[in-house]
Ligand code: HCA
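In the form predicted alone, a lone chain appears below as structure tokens.
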Amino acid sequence: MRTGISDFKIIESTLREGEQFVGASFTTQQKLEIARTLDEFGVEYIELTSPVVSPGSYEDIKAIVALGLRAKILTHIRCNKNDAAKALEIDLDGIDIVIGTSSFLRRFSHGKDIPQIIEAAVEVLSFIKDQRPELEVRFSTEDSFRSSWEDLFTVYKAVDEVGVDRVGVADTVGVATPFEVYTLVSKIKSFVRAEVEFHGHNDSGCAIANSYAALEAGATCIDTSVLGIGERNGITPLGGLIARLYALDPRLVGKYRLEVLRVLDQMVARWVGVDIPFNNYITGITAFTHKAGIHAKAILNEPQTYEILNPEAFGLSRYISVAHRLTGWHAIKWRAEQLGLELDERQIKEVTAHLKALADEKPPSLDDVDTLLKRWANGWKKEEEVHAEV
């Protein structure tokens, strides 16, 4: 294993951060189905919207808790006692607390300075621990990477002394780089007893890389959502994090039912009204599609030549695209074998040459390829007649 990562946990936030996606408006039944499927996949935590958002949200949290899932159920609240008191009415496994620490959020959001933030944090944490000492509690600084690191360290030390279970580092606007994430998480790990959680937004395309950097630096919890949905461009996608770690060492994600990813992606895409991107990690339609002749030849001989992920591990299969001018005779031979046709190497190469010539005139279809192969297999290959048929 080429990494210092030995253990980590996923805090799956489709039912919290994901609800902030512009197209998301999950019904109670949809939330229950998402929670069940995330649990089937094997995530360690499921994070839910705050119970103070609406009466319906409060009841939905209770309904999900009542499912009796293996995953621990968390809710996400603001740093105040009223939110905490409402959360404590429900038999949750944990409460996630957040408050902004950047100058932007201190000025334009809650209006508190750092001493006031610490005072509120200690008050809320102590209140929760006094009421329910068995609960897991996380305290997170929102917009961590536009905050003064000196301020962050002061806040984290204060909440760590109170006995918080996790401290959260949040790249709320997606501004951080992997190096910055690694450096900050490493420094925090050097002085806190608590676990470190990372929450990364994808505004500049670094969410997966930043999450990986956090793990390498010693974080043990990563926030994800299905398809990465969330505020604006969303956060670290569940499938993307799994792909990154699987590519490093499949054993890192061996505890999860990887074939369930496709079900999750399809389910959530349908309910938020989007298509799964063609190049989506693992479940995109082209994720395991090979086209160029040199790629197809190598893949057919040994898949690892051009695949860092094994599609079969995810309940999927690879596809060799053959209907185009870039195709090679190995790919055409593979297609003939799929069709159960017996053609020798000379015939296969003749079909390949003919197909390339046709493809220069118009884009062929797979049916065109199959027609050519069947004609050649039947001994009928007069170019003008085949050309007329295609």
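Residue numbers run from 1 along the displayed sequence. Because the structure is predicted, anything quoted here is derived from the model rather than measured.
Heads up, the form predicted in complex with this ligand isn't pictured, but that's what we're talking about next.
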(request) Given that the partner is absent here, state which listed stretch (266-274, 137-145, 82-90, 120-128) has heavy atoms within 4.5 Å of this ligand in the model of the complex. (result) 137-145
(request) Mark C221 yes when one of its heavy atoms lies within 4.5 Å of a heavy atom of this ligand in the model of the complex, and no otherwise. (result) no
(message) Residue-level contact is defined here as any heavy atom of the residue lying within 4.5 Å of this ligand in the model of the complex; does V98 satisfy this criterion?
(response) yes
(message) Even though the partner isn't displayed, in the model of the complex is T172 close enough to this ligand, meaning a heavy atom within 4.5 Å?
(response) yes
(request) Check whether E12 has any heavy atom within 4.5 Å of a heavy atom of this ligand in the model of the complex, and answer yes or no. (result) no
(request) Go through 11-38 residue by residue and record those having a heavy atom within 4.5 Å of this ligand in the model of the complex; state none if no residue qualifies. (result) R16, E17, Q20
